[in-house]
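Only one chain comes next, encoded as structure tokens, the form predicted on its own.
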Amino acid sequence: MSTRVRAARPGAPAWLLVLIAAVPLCFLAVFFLLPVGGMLHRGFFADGALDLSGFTETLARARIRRLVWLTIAQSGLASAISVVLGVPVAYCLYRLSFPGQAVLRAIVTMPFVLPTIVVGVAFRTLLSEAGPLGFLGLDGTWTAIILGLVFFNISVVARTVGVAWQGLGSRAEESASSLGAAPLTVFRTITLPALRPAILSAASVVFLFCATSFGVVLTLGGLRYGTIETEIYLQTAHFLDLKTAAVLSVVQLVVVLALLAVIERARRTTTTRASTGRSSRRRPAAAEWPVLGVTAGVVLFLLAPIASLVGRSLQKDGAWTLANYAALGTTGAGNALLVTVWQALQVSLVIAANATVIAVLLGVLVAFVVSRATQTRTGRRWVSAFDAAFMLPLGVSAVTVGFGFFITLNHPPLDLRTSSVLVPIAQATVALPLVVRTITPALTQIDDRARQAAMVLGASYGRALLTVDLPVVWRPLLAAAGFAAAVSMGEFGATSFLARADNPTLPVVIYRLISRPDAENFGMAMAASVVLALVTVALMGLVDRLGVGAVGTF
């Protein structure tokens, strides 16, 4: 038998990359740029003419200026606290080794996957007058919002900084220590400069999440302590003032674009430095008790609202009971709902499954294009711009996207007002950036020479992808699917505009229940929140078992 070696063929041809890129670009154009553009057009064009007077009129209002500064202040403060608490936790979870570490890591990760509406309800049960910390008088205050945002974002800092810390070589630190440098000096002069890009990236993402937070602020602060995001919701849903909403959306978009540039720069630097080695974990030393103490305090802080939520869901009229859970099969006191909570859960699961399929299919295509090596500077710029375009939904107001869907996809050939695909598409748009960030690192680390070797041996390009790429990427692919499903289950901003009253998702049902003043509906909201939290945490538990470090990092 003769063996015939074929000449190596080039990687993905340019026309194939263009064709693959066209599919997600069309999706982004129709289901993101068109709704956002439609929203801005309604706000800035009057009688067919450009009208920018809305900027001066809107920004001249004392209430709007107050909300802008309130958004910046609470986002900055929550980001700073999240970094201060998250860095020691990252060190404890990613550089040390001790029994029970996997459980602690799951607890720290849990808040990020919890739906924002659940976080809001959990803090209300903790801080309300009847709650365990009701004596502090924090219910309905600005401090409660800060606590909710920190609760939600500590895990972002811990995972992002922790993964980078884990990838740093420890040789330089050990050399400095052997020369007599104190641990604090080693951290300040060697470790901190190496971690600075990851810390900056994490802080920027946390600021982004805080500035666009909707469910937490709406639940804990109401309209008294609103933000730009909640004001966009108020102006569109209640006052139909699209001019003001458009101005606020543009202000938010400018901030998002600036932060995305900072994040992209930091991410590239982090990737470069993280490839210098890998540290080994060790047992905690006695001198590290402050780090362990901060980590223990953070874990208690994360568990307190969840424990309060579970406890309150099991009480009614001061007695322990399962009555709140039994009521989930009803439509609530005074028929507050048109469907039961279990029916809403079923709707959420179906929508999340559809959204996951859409997000993963598109995410694979985007990651495939982004991970291809390009030889020219122009090619690298196009790929970088392509990647950045799909990060935009991460920061643009979900409320803007949801209302944009409502006002632009309402006439042929895209009359989707009554279509069942509208909510899954909106949720897939929100989850898509996270899917791309999970899959791309796995594809990027594959050496193209392995594909070339397979093709030299006679495999087609498609066969080379199946034999070389698939064994590497299947775990990140499953992790991305689980992550997208968890995000879709908890999505509230866009869904609150699009979900029909007779076919709502579970987060929408929870918000409707807590909006009612009676105790019976509030008890149902707490029980429904526990159910939603269990589903999302179970999904992320399965994802965590896949051991994909890129999940939840930025």
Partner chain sequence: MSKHSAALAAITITAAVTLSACGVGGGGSSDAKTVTVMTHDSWAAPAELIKKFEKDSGYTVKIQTAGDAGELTNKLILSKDNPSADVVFGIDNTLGIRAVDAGVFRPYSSAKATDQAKSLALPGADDDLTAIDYGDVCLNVDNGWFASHGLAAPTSLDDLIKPEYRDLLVTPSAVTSSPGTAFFLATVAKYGENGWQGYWTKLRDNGVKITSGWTDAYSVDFSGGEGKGSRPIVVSYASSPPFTIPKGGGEPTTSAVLSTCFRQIEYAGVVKGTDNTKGAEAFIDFISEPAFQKSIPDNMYMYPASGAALPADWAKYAPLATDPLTVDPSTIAAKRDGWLKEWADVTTG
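Fair warning: this is a prediction, and the values are worked out from it, not measured in the lab. Positions refer to the first chain, counted from 1.
Unshown form predicted together with the partner chain; subsequent notes refer to it.
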### Query
Pick from 72-80, 364-372, 386-394, 91-99: which stretch has a heavy atom within 4.5 Å of the partner chain in the predicted bound form?
364-372
#### Entry: Residue among 239, 320, 474, 135 with a heavy atom within 4.5 Å of the partner chain in the predicted bound form
239
### Query
the partner chain isn't shown here, but in the predicted bound form which of 228, 442, 218, 113 has a heavy atom within 4.5 Å of it?
218
### Task
Answer with yes or no whether residue 518 is in contact with the partner chain in the predicted bound form, where contact means some heavy atom within 4.5 Å.
yes
### Message
Taking any heavy atom pair closer than or equal to 4.5 Å as contact, tell me whether residue 312 reaches the partner chain in the predicted bound form.
### Response
yes
### Query
Within a 4.5 Å heavy atom cut-off, is residue 340 in contact with the partner chain in the predicted bound form?
no
### Query
Looking at the partner-bound form in the predicted bound form, is residue 151 within 4.5 Å of the partner chain by any heavy atom?
no
### Query
Counting only heavy atoms and a 4.5 Å cut-off, does the partner chain in the predicted bound form sit next to every one of 31, 224 and 411?
yes
### Message
Could you pull out the residues of 56-90 that have any heavy atom within 4.5 Å of the partner chain in the predicted bound form?
### Response
63
